[in-house]
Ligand code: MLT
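One chain follows as structure tokens, the form predicted alone.
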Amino acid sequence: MRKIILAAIAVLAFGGVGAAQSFPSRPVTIIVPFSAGGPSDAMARILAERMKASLGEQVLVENVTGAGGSVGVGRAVRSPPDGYTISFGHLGTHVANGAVYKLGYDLVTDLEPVALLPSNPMIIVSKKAVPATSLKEFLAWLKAQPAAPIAGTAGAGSGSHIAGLYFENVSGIKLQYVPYRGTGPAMNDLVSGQIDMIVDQTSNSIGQVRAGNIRAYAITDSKRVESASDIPTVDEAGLPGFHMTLWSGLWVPKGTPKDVIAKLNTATVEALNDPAVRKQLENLGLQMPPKDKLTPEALGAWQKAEIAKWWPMIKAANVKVD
């Protein structure tokens, strides 16, 4: 009997190792919690295309929208913890939403970090009809409006919403927010003149700025973006200290095996180190994370630090969505 038990244990152990070693044996899905065509979707698709070379399987992107990205994150949280479902998110979805929504999950304890992704300085943009040609002129125009200017966001608690709240705090200008299912749709309305402005991700706006469809005033960073070096920083343009970078990352459901997380992390890091991928991401205005910040542990520590930084401001603004 003892021999039978030991043999059974050996088979189970061997089977477990074999399953881990064979990961992945089918396509992996990255859930992007925003609509197709936006900056998150663009980054995820660039990474997915390169990650499949490392993993040996297709890496698909699924757009699951709603509630500022919390619907898509929730889908990932409830998925089997086997590495086949990855949650793509950023400052809005994996930090701010915890202070805004009554989530059915915990952003820290119900997810395992995989890797920090490139960050995206924000950019202050307006519809083309605004006559201002500099940030100082734009601030004056906003203050002169009889009603609160309309700012588009990717939903309550999204990166663009947090940036708008921060903009209000720094400038003293009150905004009226219109939530969308992503900054892609918000940008469409900005181009058509339906809204006045967005404090947007640079990668989402830069194409429309280059095409002359919207106006750009400043980058929310202390240094200029290489792919948009003609656009001044907020310090140079007249709103010093308005610094905000929207970082992104990858997570998997709690309980995903550590060796599976390690394989996903390796595939992500290899993608970020690929010169062709780096060029694509940098052309979108994205900034690569430091090499020592690419571990799962580094992303976990960064997420917790960002929660400590941003939750007090969000709660003070009484941003709530049921």
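The structure displayed is predicted, hence computed values, not measured ones. Residue indices: 1-based, along the sequence shown.
The next section is about a form of this same protein that is not shown, the form predicted together with the named molecule.
Residues Pro118, Leu250 and Lys293 are none of them found to lie within 4.5 Å of the named molecule in the predicted bound form, as judged by heavy atom distances. Remark: of stretches 253-261, 30-38, 283-291, 53-61, the one touching the named molecule in the predicted bound form is 30-38 (heavy atom within 4.5 Å). The named molecule in the predicted bound form comes within 4.5 Å of a heavy atom belonging to His90. Heavy atoms of Gly98 never reach within 4.5 Å of the named molecule in the predicted bound form, leaving it off the interface. With a 4.5 Å cutoff on heavy atoms, Gly184 counts as touching the named molecule in the predicted bound form. For the stretch 121-153, the set of residues having any non-hydrogen atom within 4.5 angstroms of the named molecule in the predicted bound form is empty.
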